[in-house]
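Next up: just one chain, as structure tokens, the form predicted alone.
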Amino acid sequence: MKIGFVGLGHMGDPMCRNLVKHGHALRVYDQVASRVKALAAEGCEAAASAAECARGVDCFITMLPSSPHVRAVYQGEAGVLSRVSPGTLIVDCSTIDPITAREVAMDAQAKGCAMLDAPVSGGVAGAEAATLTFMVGGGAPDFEAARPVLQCMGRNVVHCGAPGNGQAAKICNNLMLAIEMIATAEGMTLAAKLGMDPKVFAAIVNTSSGRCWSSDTYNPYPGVLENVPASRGYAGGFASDLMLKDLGLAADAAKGVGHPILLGALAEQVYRRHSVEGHGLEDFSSVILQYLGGS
């Protein structure tokens, strides 16, 4: 397929490379010219703008930082929807609020294009290994049309229902993940202060009822696991500021439907403090520094 791809950051770049590996022809764009140049050296066609990137393609994909970025790329006189051909399949892999996803999808439909919201889980490592999970909102026929493309970049491609439901799944998942990471950090540091060896305690937890992904796969305590951010000074991974953004999306969504998220609200404040103290660019597992006293 001829695919346009906008947003070539930590996630978008390896996603593009996996599409190329599967034989798709890519046209790419990013505001950072060096990112476009790097993929052009791999055989991708460089575009001068997002709107140009969407011209004449079979499928158009975006991976953008936030809701305002999505609106800026798609809507307006110079937006993608002003240039894209009717019948183009549009897939937005950004993590944004469900309302924005639904409104932009309605605008796309008015232009004769099907649009799916397909945020991902799995981080940079999952993007590089093509093992991402895609949570997809949109019409069932459109989901089936996009599935072969998404399977080039991910292992699990799940239809979540109507437009916006992919975003609902993503922000609720990350709400739970943030709470679990803070709980793991609290438990690990308390056990250490009570005299437990962190590795021994982690092994106990991971065969007991306290087990979760944050404890057995992404443990935040330094030295417990290899090849996780905690083993490299919390560099790389999923930035704490991005987790804070997702917690804000969850809070806004909950407010919109009148649903309480008591622990979610507390988790948002924990990550806000963590960001203010200068850890926003570090992996979200660095929240354990709130308990270890690191800076």
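Just count from 1 along the sequence shown to find any residue number. Here the structure is a predicted model, which means the values were calculated and not measured.
Unshown form predicted together with nicotinamide-adenine-dinucleotide; subsequent notes refer to it.
Peer 1: Answer for residue 248 alone: is it within 4.5 Å of nicotinamide-adenine-dinucleotide in the predicted complex, judged on heavy atom distances?
Peer 2: Answer no; every heavy atom of residue 248 is more than 4.5 Å from nicotinamide-adenine-dinucleotide in the predicted complex.
Peer 1: Would you please decide whether residue 35 lies within 4.5 angstroms of nicotinamide-adenine-dinucleotide in the predicted complex, comparing each non-hydrogen atom pair?
Peer 2: The answer is yes: residue 35 has a heavy atom within 4.5 Å of nicotinamide-adenine-dinucleotide.
Peer 1: Even though the partner isn't displayed, in the predicted complex is residue 9 close enough to nicotinamide-adenine-dinucleotide, meaning a heavy atom within 4.5 Å?
Peer 2: Within the cut-off, so yes.
Peer 1: Could you confirm whether residue 237 comes within 4.5 Å of nicotinamide-adenine-dinucleotide in the predicted complex, counting heavy atoms only?
Peer 2: Close contact exists here: in the predicted complex, residue 237 approaches nicotinamide-adenine-dinucleotide to within 4.5 Å, heavy atoms only.
Peer 1: Okay, which stretch from 138-146, 183-191, 77-85, 93-101 lines nicotinamide-adenine-dinucleotide in the predicted complex, with non-hydrogen atoms inside 4.5 Å?
Peer 2: Going by heavy atoms within 4.5 Å, the stretch is 93-101.
Peer 1: Please identify the residue among 270, 228, 46, 242 with any heavy atom within 4.5 Å of nicotinamide-adenine-dinucleotide in the predicted complex.
Peer 2: Filtering the options by heavy-atom distance leaves 242.
Peer 1: Counting only heavy atoms, which residues in 25-64 are within 4.5 Å of nicotinamide-adenine-dinucleotide in the predicted complex?
Peer 2: 29, 30, 31, 32, 35, 63, 64 sit within 4.5 Å of the partner.
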